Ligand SMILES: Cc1cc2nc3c(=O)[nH]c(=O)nc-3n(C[C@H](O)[C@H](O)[C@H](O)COP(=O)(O)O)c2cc1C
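There is one chain below, alone, in structure tokens, taken in the form predicted on its own.
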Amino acid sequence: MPRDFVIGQSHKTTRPILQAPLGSLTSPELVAAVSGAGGIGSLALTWTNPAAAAELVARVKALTPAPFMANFVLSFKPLALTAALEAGVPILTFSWGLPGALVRTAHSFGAAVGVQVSTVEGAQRALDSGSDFIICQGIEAGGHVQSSTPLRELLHAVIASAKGVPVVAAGGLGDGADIAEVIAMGASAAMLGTRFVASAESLAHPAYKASLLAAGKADTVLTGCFDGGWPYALHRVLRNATLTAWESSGSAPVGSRPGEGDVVVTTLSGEVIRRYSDMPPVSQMKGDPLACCLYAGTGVGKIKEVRPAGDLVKDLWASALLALGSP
């Protein structure tokens, strides 16, 4: 029987399934549903101001007593970090950088810390800083991708270097069989992102969710096309008209790309999102949501329906246990 995923003395999940931070697609209801079902949900707070971050943490805590996470991308200043800790977030994760002294800051508030890595060397540096667990990301992941190595190649080496510190596998995982595979390899838990984009509580635009249901593994591509807001960071997305036009132009540089400057969608507040932005289409945007950045990992072909996130956690783990031969 697989062991529970335990972080420190108090943060325990009975179903070792973590929801990846999904940026603007995440809602407190999604986070709470995942955590309430025995997994661990995750807020994305990098681009959230301190007051709003504290409110989001409070909303999740009001919805569930279960542990949950908040993520900060260290390519940007973690402006809401202190506010999230003061609001009582129990677990922090960091990606796209090493947190250094921020681990001690989190620990001083009683929060556990996980760090996303893409190399054995990065894992060792994260462990040296005092991280409580490691997130091992493979190149198959959707969204912004740190890694250049397939997950199954990297995972064994990171687990060996962790010397008993829990390691979470991430990247292209889409169903219970995938979860069972990485657990059998020695991972303590699995992190899924795209599967939870296609959940009832996700804030993704309905057309985006539908495109995930229709897609297969071959429909994803790792590219630098959608760089508005986060230059030089590669991302895995679904192929769409914007990407095809850009590649057909010879992958022209900024300033020469086809349709550059076009407004593709507008938010309810009137904010415009232009072509090549890294902003995915969220619910109630108006315009052409399928021309936006459509993040998706290679496991997308295993997603066949939009379901409540809590039901997904339970069913994914039940399927994983069957694959593992556990009752």
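Residue indices: 1-based, along the sequence shown. Please read all numbers here as calculations on a predicted model, not as lab measurements.
Beyond the structure shown, there is the form predicted in complex with the ligand, which is absent from this document and is the topic of what follows.
Comparing 104-112, 120-128, 133-141, 177-185 against the ligand in the predicted complex, the single stretch with non-hydrogen atoms within 4.5 angstroms of it is 133-141. Contact check for P16: no non-hydrogen atom falls within 4.5 Å of the ligand in the predicted complex. Using a 4.5 angstroms limit between non-hydrogen atoms, V73 touches the ligand in the predicted complex. The shortest heavy atom separation between M191 and the ligand in the predicted complex is within 4.5 Å. A residue is said to contact a partner when one of its heavy atoms sits within 4.5 Å of a partner heavy atom; T242 fails this definition for the ligand in the predicted complex, lying far away. Although the ligand is omitted here, in the predicted complex none of S35, M69 and V167 has a heavy atom within 4.5 Å of it. This chain is displayed alone, yet in the predicted complex one of A44, V264, M285, M279 has a heavy atom within 4.5 Å of the ligand; that residue is A44. In the predicted complex, S95 is the single residue of 77-96 with at least one heavy atom within 4.5 Å of the ligand.
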